[in-house]
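Here's a solo chain for you in structure tokens, the form predicted alone.
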């Protein structure tokens, strides 16, 4: 599952940023998750909890990681219609899984519900990123 790889990337990035800012103890990490990633939050939280134990030089308690899911918005480049992934009911399980691993594949499986073109942009709701880090200097 790529939730584990993403969880490790979050922990490594948080630790690196904390070191750059001379933070001795991290007190809060706010992580945003784009809805288009379709991450299983329970698996992601479990991965965060277990992976953080590997890194003991900068304490990072999984309870200080705040996860927030950013809803997705897709916009047609042809007709301008905006929609969300959940508005599409025709996606098969394997297509949804492909989008889960590589969101850019959405263009291969999705079409604008207004005009039918695959020419759309992902306005928001893609990716995983650290919004902010707080800590004790």
Partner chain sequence: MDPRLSVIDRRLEKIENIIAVSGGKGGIGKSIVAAASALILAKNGHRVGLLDLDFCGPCAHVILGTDKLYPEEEKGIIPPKVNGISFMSIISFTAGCPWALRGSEVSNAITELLAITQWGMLDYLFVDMPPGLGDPALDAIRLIKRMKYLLIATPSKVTLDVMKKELQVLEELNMRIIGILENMKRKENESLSSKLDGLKVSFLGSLDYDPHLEEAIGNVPELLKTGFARQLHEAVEKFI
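For clarity, a rigid core is taken as the largest C-alpha set superposing within 1.5 Å between two forms. Here the structure is a predicted model, which means the values were calculated and not measured. Numbering follows the first chain given and starts at 1.
Although it is not shown, the form predicted together with its partner chain is what the next lines describe.
Enquirer: Within a 4.5 Å heavy atom cut-off, is residue 116 in contact with its partner chain in the predicted bound form?
Expert: Close contact is absent here: in the predicted bound form, residue 116 is far from its partner chain, nothing within 4.5 Å, heavy atoms only.
Enquirer: Using a 4.5 angstroms cut-off on non-hydrogen atoms, would residue 25 count as touching its partner chain in the predicted bound form?
Expert: Result no; residue 25 lies far from its partner chain in the predicted bound form.
Enquirer: Taking heavy atoms and a 4.5 Å cut-off, does residue 5 contact its partner chain in the predicted bound form?
Expert: Contact with its partner chain, yes.
Enquirer: Even though the partner isn't displayed, in the predicted bound form is residue 109 close enough to its partner chain, meaning a heavy atom within 4.5 Å?
Expert: Because a heavy atom of residue 109 falls inside 4.5 Å of its partner chain in the predicted bound form, the answer is yes.
Enquirer: Out of 85, 67, 98, 91, which one falls within 4.5 Å of its partner chain in the predicted bound form, going by heavy atoms?
Expert: Result of the distance check: 98.
Enquirer: Where, within 112 to 133, is there a heavy atom within 4.5 Å of its partner chain in the predicted bound form? Residue list please.
Expert: 118, 119, 120, 121, 122, 126, 128, 129, 130, 133 sit within 4.5 Å of the partner.
Enquirer: Once you overlay the rigid core, does the Cα of residue 117 travel 2 Å or further between this form and the one not shown?
Expert: Comparing the forms between this form and the one not shown, which are aligned on their rigid core, residue 117 does shift its C-alpha by 2 Å or more.
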